[in-house]
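A lone chain, given as structure tokens: the form predicted on its own.
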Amino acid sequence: MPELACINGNFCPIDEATVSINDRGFQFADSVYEVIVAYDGKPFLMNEHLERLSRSLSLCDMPMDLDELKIEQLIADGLSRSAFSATVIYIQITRGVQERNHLYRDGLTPTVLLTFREKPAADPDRYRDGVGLMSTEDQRWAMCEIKATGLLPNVLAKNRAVRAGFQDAVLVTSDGLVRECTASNIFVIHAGALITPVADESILHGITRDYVLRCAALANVPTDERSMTVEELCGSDEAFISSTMVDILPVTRIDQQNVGDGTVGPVTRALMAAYRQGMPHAAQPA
């Protein structure tokens, strides 16, 4: 089955897809994106993802009608053409093509790109044993609620963490406040309660994050959205990260220190089970 791209409504093999060198997404990262996973052709939490895409566009002074862009129709068409059992749908919308200039013209025609790739198989060891995070200073811009494609600080932090033997980096302010990881939100459990940084402009308003909070309510786990210090993170009983690509992934080590007793804890396991129960049947583990 082919991995596909769709550029402005035209489908092609992914390695044949091209955009103009003058596209503002290429020149300035003047673009936003979303990632959705579909199981057996059924996108999971698609409405929530598209609502966030619309918000990101508006916050970037690119208000667009996704219905007019036929995003849902293109998604359905791409899923039918690729036909993977689990598909990663990537959507990127740029401001459009213009000669390189910081000042953008009104009325540019946006570039609408979608790709359809098979979702990589998860590593069961990571979900059984948990992963490690390296703390590092948050050096991103101040509008992290926008899902924009300018991700160089995230890329550099992730690569430093992996080279040091960790799964990812957890981003911390200069005064010790925990924000999130390079491509996921973060949660801790302390005294049976689930704690996560508040969704303001300093973090991405994760679709999976919101779904985890809903699962916590169903599992009768109390929640608290508030500021979190790196000392609280390191001293927590349990921790995990969440994103579209990893769902809920346990964290058992921060820097050189174990989280709790260094194993995946009971509240994390309960939330993982509640999360899976709400997913499409095709996403259920064997």
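Residue numbers run from 1 along the displayed sequence. Just so it is clear, the model here is predicted, and its values are computed rather than measured.
One more form of this protein should be noted, the form predicted together with pyridoxal-5'-phosphate (PLP), which is absent from this view; the next part is about it.
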| query | finding |
| --- | --- |
| Heavy atom within 4.5 Å of pyridoxal-5'-phosphate (PLP) in the predicted bound form - the one residue of N154, Q167, S82, T136 that qualifies | N154 |
| pyridoxal-5'-phosphate (PLP): the contacting residue among V112, A183, V97, L74 in the predicted bound form [heavy atom, 4.5 Å] | A183 |
| Interface segment, criterion being heavy atoms within 4.5 Å of pyridoxal-5'-phosphate (PLP) in the predicted bound form, picked from 224-232, 59-67, 23-31, 239-247 | 239-247 |
| Proximity of R253 to pyridoxal-5'-phosphate (PLP) in the predicted bound form, heavy atoms at 4.5 Å | no |
| In the predicted bound form, T208 touching pyridoxal-5'-phosphate (PLP) (heavy atom, 4.5 Å) | yes |
| Touches pyridoxal-5'-phosphate (PLP) in the predicted bound form: R117 (any heavy atom, 4.5 Å) | no |
| L204: touches pyridoxal-5'-phosphate (PLP) in the predicted bound form, heavy atom cutoff 4.5 angstroms | yes |
| Partner contacts in the predicted bound form for 44-58 (non-hydrogen atom within 4.5 angstroms of pyridoxal-5'-phosphate (PLP)) | H49, R52 |
